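Given next, in structure tokens, is a single chain: the form predicted alone.
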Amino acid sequence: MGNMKKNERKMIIMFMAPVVLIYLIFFLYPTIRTVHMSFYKVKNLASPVNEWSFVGFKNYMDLTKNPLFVISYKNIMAILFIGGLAVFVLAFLFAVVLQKMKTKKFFRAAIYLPNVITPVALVVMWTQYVFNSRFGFLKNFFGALGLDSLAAIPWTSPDWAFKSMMVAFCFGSVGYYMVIIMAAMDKIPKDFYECADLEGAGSFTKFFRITLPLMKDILRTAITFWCLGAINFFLWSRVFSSSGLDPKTLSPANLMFNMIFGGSKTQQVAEHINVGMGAAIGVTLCVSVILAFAILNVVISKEKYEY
């Protein structure tokens, strides 16, 4: 027995060692390096350590005074809460409706389709064929209904850019969360709903008393995924703006990219831009993700089962 336990221990170590090494090299070390770099002023990404200038928490203090960072953080908070509310309401609505349809597999695949298309292609589709001020779908649709004021909205103008970007991003995200919610609903025993029908419970009562409580854990995971995507919002912000640094569609991750890799447009907007400040943005986003995860665990506590 003793030899068997030793052999099992050796096998566990052999299988775990590569995973632990990969984690330490590719995840933990870059994280520690980024936190360390955030306390220095670094001219460029290739600067050796001996050329770094220690500034302490100055990078973090400067971020709070940087109007671009404040605007970008407000943008992702709007995406996180307003966009998140719209996405989950629509995802639940589609999930509940499709559960009762015989052709739910077809419509589930159709609604999920935007998730298999690259965001760059989606942005081109939305800007050129949906939001276009001359021949876009929205202009023709509202024009056909006689809603000239809505048809005349310049969806791709700076004043409407953020709203248009959030609509496009949320539209593409609904299918992903709808599939998760539908999978969770499929695992709920039908006996519960049959008993509720015998008791005379309505659709809303069954939804709030049976469906939501029994998919609490999966719902928490889905909201966690949404928080991660909203806080690390980058690609849509990058490709939706032609300049790459439009305050209307700017996100912290996009600003971090510009601060780390530089550029003439970036230098014109802010004076004290360096890699260290970009690292500080990365640390701030990491802390935001941890806080969001902690709050979710408190608000939506894990279900405990007793046997």
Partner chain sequence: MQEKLRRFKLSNIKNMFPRFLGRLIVVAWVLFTIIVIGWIFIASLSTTKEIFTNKLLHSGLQFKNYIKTFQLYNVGRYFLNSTIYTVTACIGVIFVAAPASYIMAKYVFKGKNVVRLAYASAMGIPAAMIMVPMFMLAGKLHMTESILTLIFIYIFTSVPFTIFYLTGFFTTIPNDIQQAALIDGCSHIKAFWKVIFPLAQPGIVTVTMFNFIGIWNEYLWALIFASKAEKRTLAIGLQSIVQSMSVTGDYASLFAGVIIVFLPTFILFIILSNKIMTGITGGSVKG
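Only the largest set of C-alpha atoms that superpose within 1.5 Å between the two forms is called the rigid core. All of these numbers come straight from a predicted model, not from anything done at the bench. Numbering follows the first chain given and starts at 1.
One more form of this protein exists, namely the form predicted together with its partner chain; it is left out here, but the text below deals with it.
**Student:** Using heavy atoms only and a 4.5 Å cut-off, determine which of Leu212, Ala152, Leu145, Leu113 is in contact with its partner chain in the predicted complex.
**Tutor:** Looking at Leu212, Ala152, Leu145, Leu113 one by one, just Leu113 meets the 4.5 Å heavy-atom criterion.
**Student:** Trp226, Phe88, Phe94, Tyr73: which sits within 4.5 Å of its partner chain in the predicted complex by any heavy atom?
**Tutor:** Result of the distance check: Phe94.
**Student:** Run the contact test on Thr156, Ile188 and Leu291 with a 4.5 Å heavy atom cut-off to its partner chain in the predicted complex and return yes or no.
**Tutor:** Answer is no for this spot.
**Student:** Heavy atoms within 4.5 Å of its partner chain in the predicted complex: which stretch among 113-121, 77-85, 188-196, 158-166?
**Tutor:** Partner-contacting stretch among the options: 113-121.
**Student:** Contact between Met14 and its partner chain in the predicted complex at 4.5 Å, heavy atoms?
**Tutor:** Met14: contacts its partner chain in the predicted complex.
**Student:** Quick one: does Leu45 come within 4.5 Å of its partner chain in the predicted complex, counting heavy atoms only?
**Tutor:** Close contact exists here: in the predicted complex, Leu45 approaches its partner chain to within 4.5 Å, heavy atoms only.
**Student:** Does Thr205 make contact with its partner chain in the predicted complex, using a 4.5 Å heavy atom cut-off?
**Tutor:** Although its partner chain is absent here, Thr205 would stay clear of it in the predicted complex, with no heavy atoms inside 4.5 Å.
**Student:** Even though the partner isn't displayed, in the predicted complex is Phe54 close enough to its partner chain, meaning a heavy atom within 4.5 Å?
**Tutor:** So Phe54 does not count as contacting its partner chain.
**Student:** Need the contact residues for 206-240: heavy atom within 4.5 Å of its partner chain in the predicted complex, sequence order, or none if there are none.
**Tutor:** Contacting residues: Ile218, Thr221, Phe225, Leu228, Asn232, Phe234, Leu235, Arg238, Val239.
**Student:** Verify the C-alpha shift of Ala294 between the shown form and the other one: is it 2 Å or more after superposing the core?
**Tutor:** Shift at Ala294: below 2 Å after core fit.
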